Structures are given as structure tokens and as C-alpha cells.
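Coming up is one lone chain in C-alpha cells, specifically the form predicted on its own.
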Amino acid sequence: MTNYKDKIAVVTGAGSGIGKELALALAQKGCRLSISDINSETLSETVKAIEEIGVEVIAKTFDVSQRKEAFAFAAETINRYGGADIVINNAGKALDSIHVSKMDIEDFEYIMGINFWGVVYGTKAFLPYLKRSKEGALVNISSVFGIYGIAGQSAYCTSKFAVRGFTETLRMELYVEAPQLTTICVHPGGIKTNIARNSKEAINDDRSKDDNELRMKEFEDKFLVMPPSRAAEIIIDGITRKKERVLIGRDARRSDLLARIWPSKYSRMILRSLEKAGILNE
């Protein structure tokens, strides 16, 4: 993408973390924004920051897993701006670590609803308008856990693998339908956001609050290292350079290489690393 001035940019999950930093960075580039989040307070903070930059912004508080609300958000955006040039399906949710054998199916459905169906709804709602853009970009946020599977995170990994499969399939279709549109799948590694701390408590989690807090702090200290502002810079650079696959962080690049070289052996290799770090729990 060569010019961001007056482009219409849509960002979900813009109340905090990567989503907020993406919205602010795009505003700095002169985009007009349509943003959403499930948290009205944090979303309002992002709106205020964008208004201080001096660009136009509209915002809607809703749950991306709700199809009607997702399409209503798109309708409001189009009614206001008349189109969309950049759509970033960023909103996501994590689940406390729990093995499949203990997990309640409702937890699995909950995570899939936000992380996968939220991306599908956001894509479907805006795609007709993106295809009209002379220089558009669809950006779907997967994860390093969309590259490899990890014990205790089956719901999250499944949702992020699904985002990857959906995005890569759609990319091929859009080569024919809308070759001017860049379709990007993003795989962040350990980003210093609140996604882990704000993860949904598993229904069948029998660990104490103190135990969960200790595990959370260890995980944050060891693995969540990159500032979300830097992650946003890398994503926008990917949009600018029309990169169709964006890996964020050394851990994401290492994981990608590991999964490519040892597509089956990596499971035992990562298991040993988790056991050594002392963060693998049933």
C-alpha cells in the first residue's frame, strides 16, 4: 500500500494491546478509523487518543462472535464512510490452560466463537467493500499457536489454526476475484498484552487462584516480551509491503522453522522445554 491518507481502516479489539496500537498508528498515517471492542471504557480511551491526533473515528462496542452485531458494525462503517480499504480482524480471547480431557465443551465453543467466527464474520461483512478498494488489505490475526500446537491450549490453537486456514484459502480465491487486494495472515509471538491475564477461566479448572496467578506471572515474564506498539509497526509494514504472511518476534520465526523442519517431532521438543520452564500443568 503506497498511500494511507484518507484510507478507511477498520480494527476490531481496538480497546487495548495490538489493536489499540494499530488504530493509533493508522490514525497517525492519516487513515479514517472505524474501531470496535467489547470493553466500552478502553474503547473510549482509544477514541479519545485518535481524536487528539485529529482524524475521523467512529466506534462500536460489541462482541465479534455475534454475527448480527458484526454485520451491523460493517453497515454503520459503510454508511459513514462509503467504503473500507483496510480491515484488521484482531479481536481475540484466550482460555486458561486446561487439557482436552478436562475441558468443558462450552469453553471450546466460546473461544472458537470469538477467535474464529469473529474473523469469519468480520471478513464476510466487509469483503464486498474491500474488493471495491483500488488498494485494499484484509489482515487476519492468527498466532504463533496457529503454527504449532501446544499442550493445554487446544481451543486457542484450534481457533488460530482455523484462522490461518481460512485466510490462506481466501487469499487464493482473491488472486482471481480481487488481485489488487492483499490478504495477510499475521502470527504474533509473545506480545506484552493483557490477553493472557484476561483469559477466560476454564469451567473445570481446579487450580487455586494463587496457583493460577503464579503461573500467569511466570508466563508473562518469560514469554510476553515485545511491546504491542512494535507488533503494530511490523503489521503495518507488512501492509505497506504487501506481505501475505507476517511473523512477529524471534519466537514466531523460530517456531515456524521448527514446525517446518520437524513437523511431527516438534511436539516432544516443545514439551521438554515447557517441563523445563515449569509451566506445564494438567
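It should be emphasised that the depicted structure is a prediction, and the values quoted were computed from it without experimental measurement. Each residue number is its position in the shown sequence, starting from 1.
What follows is about the form predicted in complex with a small molecule, which we do not show.
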Query raised in the report: Only one of 86, 147, 191, 155 has a non-hydrogen atom within 4.5 angstroms of the small molecule in the predicted complex; which is it?
Result: 191
Report task. Could you spot which one of 195, 170, 112, 184 gets a heavy atom to within 4.5 Å of the small molecule in the predicted complex? Result -> 195
Query raised in the report: Should residue 38 be counted as a contact of the small molecule in the predicted complex, where contact means heavy atoms within 4.5 Å?
Result: yes
Query raised in the report: Might residue 9 be said to contact the small molecule in the predicted complex, defining contact as any heavy atom within 4.5 Å?
Result: no
Query raised in the report: For residue 130, is any heavy atom within 4.5 Å of the small molecule in the predicted complex, or not?
Result: no
Requested in this report: Decide whether residue 77 counts as a contact residue for the small molecule in the predicted complex under a heavy atom distance cut-off of 4.5 Å.
Outcome: no
**Report entry** Region of this chain that lies against the small molecule in the predicted complex, out of 175 to 183, 99 to 107, 156 to 164, 131 to 139 [heavy atom, 4.5 Å]
**Finding:** 156 to 164
